[in-house]
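A single chain, nothing else alongside it, follows as C-alpha cells in the form predicted on its own.
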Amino acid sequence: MSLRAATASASILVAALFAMPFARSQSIEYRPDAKLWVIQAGDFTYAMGVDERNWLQSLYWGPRIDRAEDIAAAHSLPEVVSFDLPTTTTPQEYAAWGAGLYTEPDLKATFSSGNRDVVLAYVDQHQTHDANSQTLDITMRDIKLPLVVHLFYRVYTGQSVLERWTTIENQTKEAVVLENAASATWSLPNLQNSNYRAHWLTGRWAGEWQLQSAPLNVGSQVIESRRGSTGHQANPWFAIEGPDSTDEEHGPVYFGELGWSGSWRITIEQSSFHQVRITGGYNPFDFGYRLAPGESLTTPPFYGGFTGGGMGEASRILHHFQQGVILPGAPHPKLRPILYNSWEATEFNVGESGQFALAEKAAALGVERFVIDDGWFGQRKDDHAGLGDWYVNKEKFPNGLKPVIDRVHQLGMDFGIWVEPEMVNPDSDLYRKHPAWAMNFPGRPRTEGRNQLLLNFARPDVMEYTYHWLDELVSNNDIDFLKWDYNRNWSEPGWDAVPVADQKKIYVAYIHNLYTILDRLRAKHPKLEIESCSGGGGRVDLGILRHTVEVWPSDNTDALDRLSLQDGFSHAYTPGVMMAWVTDPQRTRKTSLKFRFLVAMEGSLGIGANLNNFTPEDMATAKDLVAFYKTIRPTVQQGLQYRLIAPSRPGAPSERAATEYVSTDRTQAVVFAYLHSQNFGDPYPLVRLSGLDSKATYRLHPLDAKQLLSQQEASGSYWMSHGLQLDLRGDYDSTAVVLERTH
C-alpha cells in the first residue's frame, strides 16, 4: 500500500475513532442555585462547587454520573483541631498559600509590601464553546488584593479527557512575584483505609520509559524535572489505580499528564486524613516569575481522565486524545513515512557520494524518507566544533545539498536533515561572535556537556537569529523534515540582558520562544515536518507534541531493550508518534533482522542500520518486511493498542511479550509476539486477543505460516476467549499475525 493510499485509509479510521463508544457526550453544566459545576467528559464526571466561605471546592472525579442534580452542593469541612484548619482539610480546587494551608499549594506569591498571604475567593464564571470544544472560565480573587486567578476547564467532542490550566493576573499597583504557579490540582475520592496504587515513568539516557508502581501512602511523592526541559529521568505522566482489583483491562484508573517542555513538577500527596491530591505545573525550584502591574502568567495545560477499564483503556484514551486534539493535523494526523537515517553508516564522515549510495539502497527497500544526520555543516568533523555554524560544509558537499536532494527525490523519497538549533560549540564562529548568547551567569564558569553550551532562547535576538537561519535552510533547499535534536540539559540558567527581578522568567520564556520558532516554521513551510529528539526521550511531552509530528523515544535501539522501552512509552503516548529504528545489533546481543524489524514495526518504522553491510539476503528480507509494514501501518499508528503480554519491567522480568493493534473499525488486527529465551522446552502460551468484533469472522494471515499452529479462520469471540497458538522457540524468536475480518 502506498503512503497516499494508506493516508486515505487512515482518514477513514480516524473518522471511525470519533464514533467510538468509550467517549460519550461532553458538557459543562452550571447550577446557579447551588453554585455547582458538573463537567461530563465522555465516560467520567468532574464536579466542583462554591462553599460557605466562598472557596472553590473539589467535589467529585470518577465514573460518569448522568444527573447533575445528584451531586450535592459544596460545604467546607470544619476545623479538626487547631493543627488542621479548614484551609487544609477542605479539598480546595486551586489552593493558594495562606490562611494556614499546609498541603501542597497551587499558588504562592510575594507582594511588594512583603505580604505572602493569599486566600482565593470565587468571583464569577463564564463559558464559551465552538464546534469541537466547550470551555469554562472560573474567576477567583484574593480576599484583600486584586490578584486575580482564572481557572480554565475544557472538554472536547468525542474525547474522555479534561484539560485544565490557569491564568494569574496582577491587577494591583505594584509588582508581585509568583514563587509557585501550578496548572491545577486533581482530588481523588477519600476512601479512608483503602489504598490507591500509583504508576509513573522514570529512566536515564538509553534507559527511558521504565514503568514504576507502588502503593500510595500518607505523605508526598514528587515526580519532576529541574533540568530546563522534560528530561529522561521522569516524564510528566501519572496513573493511579483505585483500590478495587485493577489490571490491564479492568478496574478504575485516574490518569493525567502535563503539556510542558520545560522544568515541571507533579506532586502526589495523601494527607493524614487520606485525602489524595495531584498538583502539577511549573517546577517551583528556582522559580520566581515577576508580574508587573497589568501583567499575567498562563500555566501549561494539565490533562486528566478516568476510566473503569484498567491501564490499557487509560492508554487508549490518551492515544485517542493525542491523535484527535494534540498532534499537528489533528483530528486527521498524517501517517508517518518509513524513514532511513544515514548516521550509523557514516557518523560524521558524511559526503555526497556516500549519501548517493545509501539513498539507492534505501529506495530499493521501499523507504519513503531519507535523512542526513549530524556532520553536514560548518567545521563539523566530530562533536567538538561547528554547532552554531549552519552553512553546508563544502568539503563534504562541494555542490551544496541540492544534488543529494534531487537524487533522493528522483528515487521517490522525500528529504530530511538533522539540526540542533538550541546548542553551540565554544569552537564555532557563532560563539566567537556572540559569547553572550550562550546561557550563563557572568563571571562564572560555563559548564559544557558533550562539548557544547545552550543558546539562551529566552533572548528575542537569539530566537530571531535561529528562526531566520532555519527558514533560510528550508527555503533554499527542498527539505521536508527536520530531526530537531537537543543533547544536554541546562546549567547556569542566567539571563543578564534583563533586570535581575525578571531573570528567572527564563524558565518560561525559553520554552515559549521554542514553540514560537516551531510554529513559524510550520506556518511558512506547510509541508515541513519536525521530529522532537533529545538524545532519545529527553523531551517528550504533550507540549512539544502540539508542534512536532513525532518523537525519538531513546538512543537505545537494541531490540530486546526496546520492547520494554516501547511498552513504557505506550502508557503515556500514542505509538504513532514513536520513531522506532531497525539498526545493526547492539552491544554483544545478536538478534535476527526479522526480530529487529518486528520490534520497530510497533511504532513508526525507521531504518538506521548501515545498509552497506547488508547481504543480498538481508536486502530481500528487509524489502519484504517493509512491504508487510505498509499493509498494517494505519492499524499500528492510529488504531487501538492492547498490551497482551508485558515484556520485562522493573521488578517483573518476562521471557515473552505480545502486543496487538486493532483498527478502529475492527476490520483488521495485527499481533506481534516475541520470545526472549525458551526454558525447558516450554511451548509459547496461548495469546488471547482483545478488541475484536466478537460476532465477526476473522481470517489469519501469518507472517510465517510455520509459526502458526491455530486454525485459519474463526470468530472474534474465539480468538479473544481461546487465543492464538504460536510456535516460538529458542532465543530471540518472533512472529506477527494479521487478522482480517471476512464477514
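Don't overthink the numbering: it's just position in the shown sequence, from 1. Just so it is clear, the structure is predicted and the values come from calculations on it, not from any experiment.
Here the subject shifts to the form predicted in complex with a small molecule, a form of this protein not shown in this document.
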Could you tell me if all three of 483, 536 and 552 have a heavy atom no more than 4.5 Å from the small molecule in the predicted complex? yes
Can you check 483 to 491, 77 to 85, 541 to 549, 509 to 517 and let me know which stretch has heavy atoms within 4.5 Å of the small molecule in the predicted complex? 483 to 491
Sole residue of 457, 156, 672, 418 within 4.5 Å of the small molecule in the predicted complex, by heavy atom: 418
Going by heavy atom distances of 4.5 angstroms or less, which of 104, 169, 374, 561 would be at the interface with the small molecule in the predicted complex? 374
Report yes if any heavy atom of residue 116 sits within 4.5 Å of a heavy atom of the small molecule in the predicted complex; otherwise report no. no
Report yes if any heavy atom of residue 450 sits within 4.5 Å of a heavy atom of the small molecule in the predicted complex; otherwise report no. yes
Using a 4.5 angstroms cut-off on non-hydrogen atoms, would residue 343 count as touching the small molecule in the predicted complex? yes
